[in-house]
Every structure is written in structure tokens, then in C-alpha cells.
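A single chain, nothing else alongside it, follows as C-alpha cells in the form predicted on its own.
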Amino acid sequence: MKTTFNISCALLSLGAVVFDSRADVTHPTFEFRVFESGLASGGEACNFGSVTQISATEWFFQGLHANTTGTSMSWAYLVDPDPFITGTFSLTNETLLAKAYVVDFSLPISPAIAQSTVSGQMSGTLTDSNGSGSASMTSTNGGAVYTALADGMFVQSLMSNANQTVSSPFGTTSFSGGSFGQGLPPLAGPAINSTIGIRYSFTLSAGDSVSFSSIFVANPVPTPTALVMGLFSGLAARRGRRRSC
């Protein structure tokens, strides 16, 4: 079972554990899409950066993307189609007007999950990048900044009615968006057939930057058959140890 872990430590350690991948192994199609004022841009994350295989099922994507409408962004994400998504992305509004953004990250999963438990968390920073003396990041129309998705549908959300501000030239403020599914009992999730994802929805002031660190994990719930098989395996292992004594 996967558990939520410290995002910063996980990403900083990636350079030391690169998996020796085979040439015939292909990375998952990890995609992002940016919507601003009805205009969409984005695509496969590796098209704007690099992808490195970290383990048999884990991949690290990092890159940069700037469009012609005055938005630039960067990302560093560790993903696993088994599945989880964790990482950081930063976005700068380089225009003279505030903009409402929706940024979707989507990952195909394998295998499908008949019944899941889910967990997630998020945090971030807001920066007055143009030195105007103020910056703001708010929820768009009072919605949630972070939404976990399964097959494109709502699972859980965090940071509704957000209103983060900075009031000093080139100042920065940090914020916590909260978490879900990290206690006991586990938080029940949906069946997941094809994808998991994280959606960010926010309005950012002109000339300023915001950065989000987050995670979304889905774990399959063992079927009764799998539980019985696990019990028999455990009993067989115990008998084997007793005979060897």
C-alpha cells in the first residue's frame, strides 16, 4: 500500500536512484493542459522537458512551458501508473491583468482499480514577482484550488474559498491547503478505470507567481479472494519457518 510522503524529500532524492531502464520500456503519457480565458494549451509533459525512469514503475517528469498569451510554467513530478502523482509546479502570469487559470495534470493508470482508497495533500507559495508591492491568489468563483480526479471525475478537493495575498515588494507567503484520507479508517474512493489527475483552479494577479506542491494517491482495496490468498500465503510461510527450526 502506498502512503503519502514528504514531497520535497522525495524529489530531492531522485538523482541518487535512477533506474537502469530497458530500451523497450516506454514512459506513461503524463499530460498537462492549461486553460486561461477559454484558451487551452499544453500536451505531453515530456514534450517540454525530460523524463527519467526512477524504478520499475516510477517516472520523473520535469520541464518548462511558455505560451503566447503571457503565461509561463515549470514542473517536477514523480508519477506511478500503479498509481500516484506527486510534485511541484510553478506558474507566472506575465501580463498586465489578473487571469483565471485551470491547470490539469493527467496520468493513465494500470491496472484498473475496482475499488480504491484515496489520499492527498497540497501546499504552496505566492510571490510578488514584479515588485508592485502586492500579489494575490484566490479561488475562482469560490471553488477549490486543488481537486483530485479519477477518470476525469471529482474525487476530493482542498482549499475552497482561498484568498492568499502578499503586501510587500517581491515578497513571498507560504500556505497550506490541507489534506484528505491520511487517517484511519482509509478514505473510500471510486473505481478507477483509466486515469487519475490533479486539477488546480485559481485566479492570479498580474505579473505574479504561484507554486503548488501536492500529492494524490489511489490504493486498490483487496478483494475477498486476494485476502484469503494472502492469509494462506502467510500460514504457509509460518509453517516453513517452523520446519526449518
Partner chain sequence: MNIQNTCVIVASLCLISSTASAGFTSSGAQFSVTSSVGSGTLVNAQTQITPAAWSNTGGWTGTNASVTWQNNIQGWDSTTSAGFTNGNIVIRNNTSTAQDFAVTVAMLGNASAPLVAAGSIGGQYVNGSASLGSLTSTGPLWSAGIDGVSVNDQLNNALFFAQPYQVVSLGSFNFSNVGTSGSITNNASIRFSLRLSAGGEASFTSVFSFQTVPGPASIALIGFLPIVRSRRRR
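As the structure is a computational prediction, the values presented were derived from the model and not from experiment. Residue numbers count along the first chain shown, from 1.
There is another form of this protein, the form predicted in complex with the partner chain, and it is not shown here; the text below is about that form.
Student: Pick from 118, 150, 73, 159: which has a non-hydrogen atom within 4.5 Å of the partner chain in the predicted complex?
Tutor: The residue from 118, 150, 73, 159 that makes the contact is 73.
Student: Here the chain is shown alone; which of 107, 113, 78, 155 has a heavy atom within 4.5 Å of the partner chain in the predicted complex?
Tutor: Checked against the cut-off, the match is 78.
Student: Answer with yes or no whether residue 86 is in contact with the partner chain in the predicted complex, where contact means some heavy atom within 4.5 Å.
Tutor: Yes, residue 86 sits close enough to the partner chain in the predicted complex that at least one of its heavy atoms falls within 4.5 Å.
Student: Considering non-hydrogen atoms and a 4.5 Å limit, does the partner chain approach residue 37 in the predicted complex?
Tutor: Looking in the predicted complex, residue contacts with the partner chain do not include residue 37, since no heavy atom lies within 4.5 Å.
Student: Considering non-hydrogen atoms and a 4.5 Å limit, does the partner chain approach residue 92 in the predicted complex?
Tutor: Although the partner chain is absent here, residue 92 would touch it in the predicted complex, with heavy atoms inside 4.5 Å.
Student: Does any heavy atom of residue 205 come within 4.5 Å of a heavy atom of the partner chain in the predicted complex?
Tutor: Outside the cut-off, so no.
Student: Where, among 40-48, 27-35, 59-67, 189-197, do residues come within 4.5 Å of the partner chain in the predicted complex by heavy atom distance?
Tutor: So the stretch in question is 59-67.
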